[in-house]
Each structure stands twice: as structure tokens, then as C-alpha cells.
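Just one chain follows, in the form predicted alone, and it is written as C-alpha cells.
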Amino acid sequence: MDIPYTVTSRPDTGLYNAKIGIWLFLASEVMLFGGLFSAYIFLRVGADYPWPVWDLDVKLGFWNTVFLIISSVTVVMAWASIKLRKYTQYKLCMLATIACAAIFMVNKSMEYAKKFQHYAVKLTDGTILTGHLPHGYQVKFENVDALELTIVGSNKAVDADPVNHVLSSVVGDVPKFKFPSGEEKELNKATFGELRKSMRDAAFAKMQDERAKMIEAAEKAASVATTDFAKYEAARKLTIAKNYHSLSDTKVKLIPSAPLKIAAKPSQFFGYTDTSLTFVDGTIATGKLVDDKMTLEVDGVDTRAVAQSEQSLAFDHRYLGEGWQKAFVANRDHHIADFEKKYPTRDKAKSATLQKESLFFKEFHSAEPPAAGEAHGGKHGAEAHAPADSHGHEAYHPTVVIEKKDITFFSNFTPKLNTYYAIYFTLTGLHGLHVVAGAGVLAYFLFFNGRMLREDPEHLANRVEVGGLFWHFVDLVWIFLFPLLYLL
């Protein structure tokens, strides 16, 4: 049975069914993205922290815009080619559209990868250092002489699982552990599974004993009750006793046969002190903290939250030092003088470009501060002759070792960093899903509708038109996203 109005237009609307459906769907999409764009504007206007300025790769965003615009043209050409029965040209245009979508997603994946590898570290005075962690960030303990586990009786969010959460952070060979039974065993899934089962069996036996005592006490109270209230209370307690199934948690201590060394990433633990490290499964390792400093290759400093930017903690002698402080001040003074010369009537505080280039920001392109007079020039001095790192490669960023007491927060450039990146990943991620879905539909038309192309090309033309309308909407959303996130 043929579905009516898939090729011909309806007499009441003048449109075929799919076209009516896609317009209704696009109306809901407009409401979705309209709400997201409005939320972005309100969050930016009411932001209680310095909003990121031009943090994204504008060049990459520009080329993504170009590819999507090209794809909008090629999808229209594909539809027109079917209408004109130029099937080879239709296939080439559809291939070009899908290729542009693929290039867009590859570029977006590269951009996302950079964000996950790039870190921001907020110091106690508000300074933000950006850069890369060449060896990651780890908290190191030594002389770990015990693992304290909590095997939960009932279902809870946190349950002991040292095999997956603790052993992966042990440095070197993992020794055997002394179990509560007194035996020394290897700690693995099998032995820990046996331990968990024995502890829960013991907790279950204890629960049954407690329930039996509660039932006995309730039945005894019911047998001597004389008033209605006493009988009611006894019946209520008896019901509670019969429904009592709560298993208590069990504390277990595992003793390693030799002291452990542990190097744990932030994602592996909840917190730590000088003598203990609490993993995400609740396991507590007791030992001695030996290192919680962060080694950061600094590629930029943001001092917008510092009252006196030149006095930022970043320029402390333990970190970047006086040389970079002088370079920062020289760079700032040069750009301010240049700005005042070019724009004598403009307010410096309202120029985002000036702020990014000089007032509060400093980007690093060399491992050593430039010589006097070269702070705002091209690639001279230290930048032209960057010293080699430990691997023999040229180092283009200064490396600092930040003490934990000077760090208030750190994160890679992901949604947890700030509101801006939460919005960035939400909007671009949702748009990316639309790109994948739209390209997938167009690819289906190209590769799996060959029979329809031969036997009913007008029907396929309608399908391509509907897919093209969705694709135009996806492109239009990006036209809004690009200036909103990348340029403003």
C-alpha cells in the first residue's frame, strides 16, 4: 500500500507530508536552541567571574564555518541534480556534503582533544595559570602500611573495590596482603570476592540474629499487652521486626607484606592528609605524603582577578620569577602606550583586545623571559634560541612546580572549569550530534536509496529536500554559534 502525499502535494496545505513534518520539527528545534542561546546570554551578562575572552581557536572555527557553508550549497545542488535527472552530479554533490560534514567533525574532535589536554590552575590570589601537565598530576605516598576498607552491607553509592581503584596506583610490584583470616594472599578479583562474600555472609547472619531478637521482644510485648495502645505498639514493632533486612557495614584492614608506594591521580581519590589517602571507593591508605606538587608547562597567565596584576603570585621567585614579571610589565606598558596613541578617546578598560594582549594576559612562547627591549617584539632572544628539555626537544614554555598550598582549583578545559566551558561543550556537542545525524541521513539517501533513484526519483528528490532543510538548519545554528562563542 502506497502512503499518500509522499510525492504529490496535499490539497489543503500545498505541501507533501514530509515537508510539513520537517517544518514542525524545525520549529521545535528553534525553541530548543533559542532557549540555549538565551541562557548563554543571561549567564554571560550575570557572570560573577572574568568571562573568557577569545579562548577558542578562531581559525579552526572559521574553517568549520566555511565547510558547513559549502555543504549547504552542495546539498542544494544534489537536490537540483535529481530534479534535472543528473544522477552522477547528484552523487558527487551528496558525497561532497558528507565529506564536508566529516571534515567538520574531525576538526571539532581535534579542538575537543586540545581542551582535554589543556589545564587551568587557579592560585590563591586569583591568578590563573594555563598550560599542560607533561607527566600528569599525581599525589605520591610512601610507606603505606595498611588499606582500610568498608564493605557495605546494603546498596550504597560507595563500596570497597581496591582491586580496580587502589592497585592501579601502586608503584612497582604489588606484594601479598595479610587478610583478616591471618592468611597472606595476593589481592585480586577472586580473593577480594571471597573476602566480600564472607564479610556479607557474616553481616547477614548478624542481621538475622538481630531480627530474631526483635521479633521475640515484639511477640513478648504483645502477649502481655492489656490496652489497645499497647497492643497497637506491639503489633507495629512486630511488623518492623519482620521487615528488618538492613545489613551493617564491615570494616576490614589489609596489611601489605611490604610497604607500598602509591602515585594517585585526582580522579582516583576523594582527598588526602599528610598520613592518609582516601580513594573514590572509600578505601583509606595510611602512609606518608611525599609529594603533592604540580609540574606545569605554562603557556599563559591571566591576572584579571588580581588587584595588582604585576604583583601576581605567578611572578613569585618560586614560580615564574622576576624576569617574567618585568616582561609582563614591559609588554603591558608598550600596548597601553600604543593604544593611547591610536585611540586617544577610547576607554582602555572597555577594550577586550587590549585586555587580552596586555593588561591582564601574558602568553609564553619561550622557556626563558625575553631580553630587555624584546618583550613585545617578534620571536627574538630566548624564543629564537629556546633551551632543550630533558628529551632533547626545544622547550617553548617555562616549567614551574606549584605547591599544593598555593592551588585553590585546577581543571582541564572541560565543563567543570567554568560556566563558559559548560555552555561551550553543551552547545557545540549538541550541534555536533545534529551534524552526525544529518550527515547520516544524507548518507543513507546516497548509499541505500539506489533503487528509489532508478524507479522513483521524484520521491527521492523530496527526501533529499527534507534532509537538506534540516541540514540548512544545522548550518544556521553554527552561523550563530561561531560568533557567539569564538568572536565575542
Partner chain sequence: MSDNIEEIQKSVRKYIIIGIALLALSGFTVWLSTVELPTHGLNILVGMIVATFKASLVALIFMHLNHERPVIYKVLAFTVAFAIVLFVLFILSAQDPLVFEGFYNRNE
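Please read these numbers as outputs of a predicted model, since none were measured by experiment. Residue numbers count along the first chain shown, from 1.
This next part talks about the form predicted together with the partner chain, which is not shown.
J.: Does the 4.5 Å heavy atom contact test between S351 and the partner chain in the predicted complex come out positive?
T.: Yes, S351 sits close enough to the partner chain in the predicted complex that at least one of its heavy atoms falls within 4.5 Å.
J.: For T428, is any heavy atom within 4.5 Å of the partner chain in the predicted complex, or not?
T.: No, no contact at 4.5 Å.
J.: Check H459 for me: does it contact the partner chain in the predicted complex (non-hydrogen atoms, 4.5 angstroms)?
T.: Judged by the heavy-atom cut-off of 4.5 Å, H459 is well away from the partner chain in the predicted complex.
J.: Although the partner isn't part of this model, could you tell me whether F339 comes within 4.5 Å of the partner chain in the predicted complex, counting any heavy atom of the residue?
T.: Flag for F339 set to yes.
J.: Should the three residues M105, V441 and F447 be counted as contacting the partner chain in the predicted complex, with contact defined as a heavy atom within 4.5 Å for each?
T.: No, because M105, V441 and F447 lack any heavy atom that approaches the partner chain to within 4.5 Å in the predicted complex.
J.: Using a 4.5 Å heavy atom cut-off, indicate which stretch of 126 to 134, 83 to 91, 287 to 295, 329 to 337 touches the partner chain in the predicted complex.
T.: In short, 83 to 91.
J.: To verify the annotation, which of these, M452, I69, A437, L60, has a non-hydrogen atom within 4.5 Å of the partner chain in the predicted complex?
T.: Among M452, I69, A437, L60, a heavy atom within 4.5 Å of the partner chain in the predicted complex occurs only for I69.
J.: Considering only 17 to 31, what residues come within 4.5 Å of the partner chain in the predicted complex, judged by heavy atoms?
T.: Contacting residues: K19, W23, L24, L26, A27, V30, M31.
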